[in-house]
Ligand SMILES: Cc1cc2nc3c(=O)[nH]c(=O)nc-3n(C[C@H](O)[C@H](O)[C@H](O)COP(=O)(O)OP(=O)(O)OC[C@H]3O[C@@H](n4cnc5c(N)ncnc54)[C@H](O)[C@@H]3O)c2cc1C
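One chain is shown next in structure tokens, namely the form predicted alone.
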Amino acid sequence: MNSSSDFLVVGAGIFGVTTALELRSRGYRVTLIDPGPLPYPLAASTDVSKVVRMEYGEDLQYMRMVIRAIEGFHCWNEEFGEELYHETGVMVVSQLPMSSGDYLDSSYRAVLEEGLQPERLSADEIRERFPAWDTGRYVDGFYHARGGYAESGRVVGKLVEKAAEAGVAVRPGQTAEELLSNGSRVQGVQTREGESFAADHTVLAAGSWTPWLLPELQKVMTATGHPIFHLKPKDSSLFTPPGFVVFLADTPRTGWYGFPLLREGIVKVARHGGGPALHPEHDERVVYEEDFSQMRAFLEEAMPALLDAEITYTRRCLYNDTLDEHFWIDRHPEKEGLSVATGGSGHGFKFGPVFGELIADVVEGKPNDWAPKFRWRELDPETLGVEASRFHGDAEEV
């Protein structure tokens, strides 16, 4: 049995590492375990980029959380001495004119009412300002300069280094396999590698692995896989800011979003929609032939200049989806000494700079205005997801 900590955090993705850092800053002895190496290649956080946008339709809490998070990303840039958050701005466009109550309209009005300044775009303005979008298929939208993308894997790596320097006992190469309990009280975890970690309080922040460690959560969350493509354009000049920025291409209807030319010399295009249920370890995370055809159909109607780009890499990004697509951050209602911080549902990374404080408040039992939205809750099996920017139609559609 390893020496006991005040807090054991299971999982070193964006939920877990920020929690460990915040708890350590509050004076606790903290251990952070993860299968590793860190950042863990199979974790949802480990990617070249994640969108940072505040456009959440009518959901004002998420919008305000992102506004605070963007301030945190800028602080991380300064602290790390490296631009890992890139404020390129975000373009949100639609195939149909903006109409009252739809995602585009609700997001635009919410950002305006918050005192920010999104710029409305007509079909002609979309083509003129962002030349790669030259088909005219997208007829309405707006550009918001506050937002962009984070180099997510690099961010997690820097945060892990920071945690270790702050005195968190970081233990990669340890795969949580079983909770250790005495009656109704959780006392730590046993790992697949044969070690035991004891703690006064355990925080499960294991992403898609969480419901396998805590089977009662399998009725309210599951892992789903979503296609990602890295495209190397022949003419990179078309795909660099300010003429090409992070985009949401009518995502409630199509799911497609993407990024300007990244550090790796590629344009990343991905789909935020439905996806097959996958086991986090046992199932292959491959892109299917129908994903390729749907991606090509999207490019043809949106930005044909990418159709002849070399596809250098593909993967399926694993979401830990809750049924309602809200995060799951709470103390366990029946197991003492156990909290859960998970359920990213494909939109969690952007909140990284605010997760630590939120989750630490919850596990300490302190009030936090944002916490009630993510409480432990009963969900009907027929509960539908409500994340406003996500495509909820048939996964076969385009």
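Numbering starts at 1 and runs along the sequence shown. Everything numeric in this text was worked out from a predicted model, so none of it was measured.
Beyond what is shown, the protein has a form predicted in complex with this ligand; the following relates to that form.
Figure note: of the listed segments 296-304, 138-146, 179-187, 209-217, the one touching this ligand in the model of the complex, with heavy atoms no more than 4.5 Å away, is 209-217.
In the model of the complex, residue 40 approaches this ligand with a heavy atom inside 4.5 Å. In the model of the complex, this ligand stays beyond 4.5 Å of every heavy atom belonging to residue 353. This ligand is not shown here, but in the model of the complex it comes within 4.5 Å of a heavy atom of residue 319.
Proximity of residue 340 to this ligand in the model of the complex falls outside the 4.5 Å heavy atom cutoff. With the partner removed from view, the residue among 175, 314, 95, 106 that has a non-hydrogen atom within 4.5 Å of this ligand in the model of the complex turns out to be 175. Taking this ligand as positioned in the model of the complex, the only residue of 234-258 that brings a heavy atom within 4.5 Å of it is 257.
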